[in-house]
Ligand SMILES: CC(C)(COP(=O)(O)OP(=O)(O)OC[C@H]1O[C@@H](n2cnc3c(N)ncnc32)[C@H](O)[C@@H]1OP(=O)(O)O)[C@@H](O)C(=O)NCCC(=O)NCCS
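We begin with a single chain expressed as structure tokens, specifically the form predicted on its own.
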Amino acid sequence: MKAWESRLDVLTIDLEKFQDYTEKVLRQGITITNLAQERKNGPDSLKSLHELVQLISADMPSPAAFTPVSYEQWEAFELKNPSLLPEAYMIAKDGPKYVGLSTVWRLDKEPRGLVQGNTGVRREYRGRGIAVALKLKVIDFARRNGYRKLKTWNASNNAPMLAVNTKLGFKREVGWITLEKALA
């Protein structure tokens, strides 16, 4: 399996050029909020978000088979991560239903940099511009809050997300190759 690190200088992207994506998503009745807002809705909202994370993670290319993560593990490793930025962790909703997300953390060694982790959308909502709209919201957050770089990773066999990142101007950097040898 091959994966790439990709980076975007958030000051170079013309957000107006992509305004149609945000408008298209809104016309479909999809709203975009963030984790900071959703936490105010109580523990049930976090359990629903955990379910979405599991659905999306199961579909992401990986060298190993997907292993579900318990709510407690997810809460400990993701929600309680001191680098997590709840205001930048974007969530797409169709009414009360969570349909997409894009996770974001600060880069401790790069004060003006962010890591955009998993970005994904429920299968039945894919191809509707939601992932692009989520990423645009993250880019907007970064710009408004003094961040300059956005870093992410993509598996070479995840063509839809590679296309989204290329469209937005992410530049491929270091490649990672994972090999496996099965021993009899």
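From 1 onward, residues are counted along the sequence shown. This structure is a prediction, so every number in the text was calculated from the model and none was measured.
Quick note: we don't show the form predicted in complex with this ligand, though the next part is all about it.
This ligand is not drawn, but in the model of the complex it has no heavy atom within 4.5 Å of Lys171.
At least one heavy atom of Val132 is located within 4.5 Å of this ligand in the model of the complex. This ligand in the model of the complex comes within 4.5 Å of no heavy atom belonging to Leu150. Remark: Gly127 counts among the residues lining this ligand in the model of the complex, judged by a heavy atom distance of 4.5 Å or less. Of the candidate stretches 141 to 149, 35 to 43, 154 to 162, 63 to 71, only 154 to 162 has residues whose heavy atoms lie within 4.5 Å of this ligand in the model of the complex.
Shown without its partner, this chain lists Thr31, Ser48, Gln54, Asn118 as candidates; in the model of the complex, only Asn118 has a non-hydrogen atom within 4.5 angstroms of this ligand. Contact annotation for the candidate site: Tyr21, Asp59 and Lys167 all lie close to this ligand in the model of the complex (heavy atom within 4.5 Å).
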